[in-house]
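A single chain comes next, written as structure tokens; it is the form predicted on its own.
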Amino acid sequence: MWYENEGKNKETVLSTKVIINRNIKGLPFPPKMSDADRENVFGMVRQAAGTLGLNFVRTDELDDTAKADLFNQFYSGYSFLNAKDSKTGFLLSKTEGLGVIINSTDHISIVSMVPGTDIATAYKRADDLAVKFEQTMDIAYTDKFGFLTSQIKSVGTGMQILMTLALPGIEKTEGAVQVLSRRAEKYDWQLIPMTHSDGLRESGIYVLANLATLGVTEEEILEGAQKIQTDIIKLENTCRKNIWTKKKILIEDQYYRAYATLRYCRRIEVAEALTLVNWLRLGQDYVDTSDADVNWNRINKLTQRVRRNYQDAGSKITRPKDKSTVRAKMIRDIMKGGQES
């Protein structure tokens, strides 16, 4: 999957996602659309995408395997994929992490995801697609407001940037989360604790999102993103180093306890797994890991797979006991270097 590829600063920034929302002039926004309107959008989007090398799929025609693949790759949520008679769909690119969601909150939502901090690549992929749609379709736009979207927070550029962050050092340092939140607000960004699909707060995982889209340019948003990224990485590295300096024995002990549990567990819940992975993340650059077969790619893969699992999101698919057993097997396989998903 796209997030298993190499990415700069993946020790702290798990992924960067750029979403560009566009709507077709003269049609209601999706929340107010009729079935006929939705089918009309399908036809226009398919026609526009005909020369772009994108594959069109309707959500209501996907089987569970295809839905799981889209969900596990972070393209959309479980409820979107399983809504009945919603007339939604996707355009999927051959490029991993790039696609278009159709008839969600907006007619077209271009999604570009990369591992780590490569905002420039994520933005270019999304913007190139957006320009092609704008050249072939009558897009809702005004000189006064910019691109019109169904949600006020996206009006203007129509662009959202979401960075998923792993911040065990900041979270374990008193007052550091508040410091980071204030820095984010300085650049018109918001730091939000990440929650799992069942509402559980994910240990040490946060999402950083831009707030300003009206009255600013894409370049200004990207510049702010680069600045806040630099601040986050610097602060997190400082916190991790300080914790190691003051509590070496504790970190080493917790690191190997976490390694042993993840390597050999037979049942485990999401909360415990994420907490244990955080200890690996906190100590990976400092602990003598000669007795543990762990690297950053494996830690990041484990983090993403535990966080994002289609069976976990669908509470009726398996019983809780079964899910904890399946999850443990997946984790053991990853810890051994396997490809279990």
Partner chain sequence: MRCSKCGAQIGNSYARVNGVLLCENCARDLKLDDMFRRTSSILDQAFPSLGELPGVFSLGSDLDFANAKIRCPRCGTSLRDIETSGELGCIECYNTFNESILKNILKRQGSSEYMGRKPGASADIKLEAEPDVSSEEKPSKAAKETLAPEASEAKPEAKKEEKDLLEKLKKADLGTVPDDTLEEGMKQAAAAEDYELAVKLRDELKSRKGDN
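Fair warning: this is a prediction, and the values are worked out from it, not measured in the lab. Numbering follows the first chain given and starts at 1.
The next section is about a form of this same protein that is not shown, the form predicted in complex with its partner chain.
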Fill in: Distance check, Lys234 to its partner chain in the model of the complex, heavy atom within 4.5 Å
yes
Discussion item. Just checking whether Lys144 would be counted as a contact of its partner chain in the model of the complex - the rule being heavy atoms within 4.5 angstroms.
Written reply: yes
Worksheet entry | Contact flag, Arg183 vs its partner chain in the model of the complex, heavy atom cut 4.5 Å | yes
Worksheet entry | Non-hydrogen atom contact Ala83 with its partner chain in the model of the complex at 4.5 angstroms | no
Worksheet item: Within 4.5 Å of its partner chain in the model of the complex: all of Lys17, Gln254 and Thr275, by heavy atom?
Response: yes
Fill in: Residues from 160 to 193 in contact with its partner chain (non-hydrogen atom within 4.5 Å) in the model of the complex
Gln160, Leu162, Thr164, Glu171, Lys172, Thr173, Glu174, Val179, Arg183, Lys186, Asp188, Gln190, Ile192, Pro193
